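In structure tokens, one chain follows: the form predicted alone.
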């Protein structure tokens, strides 16, 4: 339990002991620093509940709080707002405690097992800019949830089993009709066949096949037939699919690795296929599906619902299963393999209807226990400086690799080649570019569409990833230069600048909890920028290593170390790597 949470619990106990029951209690950071560090704003609500004057209640609480030596300058404003400040002695002990163990500034949550489904890359297609937010958000929520005590299993959940793969296989057949994969009489080992296809080829093949399918109904029907053969694991077609998977997954993993996005599971729709027969049997037993125009559907609209809610398509009229069906089978698979308490899905805001259908069908068929939480975590879009989605020169959706390269070019203009080791240049450029992209993605609340300007967000000044990296590197440099001086105890608070940093550090547990609850990292992004800004103000005002007062110098080095470790913690949660120099 964090130190500030312990204080809040103690204050709540004091109020409860006075006979005033609160369901919960939180110290509110004061907007009037001249009145105090925090406010207690509960007296008005207590006055209504107990039919008493709020000022009288405030006076009773104030009298008890004054007995606590952690607090000082307790005063009452207006009808019953209690202002309190934290004593210097308490703040000194707090920073020393956090400096020795940063976990003392984190509120661990009650254990849960969470599966986070994010990324959602489609096999045989290039990752594009639209894939960034899912991977970025999901990865950081995973890191945050783990840091707060949850067991988390991350799954890339690849799109690898639907019609897009049928189209790709069909087009390969058109290009290379003599490949043994398409010869029903072939009985040899498919692994010995040289496949004349690279990942670049696959990325070109799908758009060609997709266009043909839109223009030629016969071609589309052939793709449907191949998709059904694939889903039935038909020899040849299924073996070719496995080769495509190997080629494509390698490329997808490399892109995600470059963004510091790592998965525990690299499963996809296909991995749930073994559970589809059991799923369909469960649905049949529960009698929640029906036939409609040759297809099998599940009605998910509620009786009293007035807005449109289309049924979930379970099995198509041609016998192939839908994307919704594989999602249902995946839920069944996850229950059997992992028995999670919650499953989170990070996906584009346009997927909301899909997940609402899947969740409702899951509940109707009782695929999971009632207390298992299914949560859809939607997000907005990242747009170019013209306010439109990022495009290539020919008007196509920009590949994610192209965006990364675009930002790398901006980074190359700013990196200090005099201090970065030659063999570290490319790694440093990549770390800064990734921080540029990812931090900009976290600044707005997740459902907000936002403009990404590579030039603006690559700047080392302002609210940017490079600014945070540069500032953190400078803290590390100061600590290394100060190794010959004592760095053991925070002994004195010099002025309000120092005090502001200490109070900001105490907000960390609240920020992490809020971020977890909202499933958005904007609180963390705002907080690390605010903390870093306050530290940089301190850094500009003081010559730490030249300070003659050794107690003050030691205190400043301890304060620097505490901020540095907090920044490392937060940058890791955001998935940002700190280079040695930049």
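None of these values were measured; they are calculated from a predicted model. Residue numbers count along the first chain shown, from 1.
In what follows, reference is made to the form predicted in complex with a small molecule, a form of this protein that is not presented.
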Residue 131: touches the small molecule in the predicted complex, heavy atom cutoff 4.5 angstroms: yes
Interface membership of residue 347, the small molecule in the predicted complex, 4.5 Å heavy atom rule: yes
4.5 Å heavy atom contact, residue 327 and the small molecule in the predicted complex: yes
Partner proximity in the predicted complex: residue 355 to the small molecule, non-hydrogen atom cutoff 4.5 Å: yes
Segment assignment from 192 to 200, 497 to 505, 117 to 125, 411 to 419: heavy atom within 4.5 Å of the small molecule in the predicted complex: 117 to 125
Selected contact from 351, 273, 296, 322, since only one has a non-hydrogen atom within 4.5 angstroms of the small molecule in the predicted complex: 351
Option touching the small molecule, based on a heavy atom within 4.5 Å in the predicted complex, out of 159, 399, 482, 454: 159
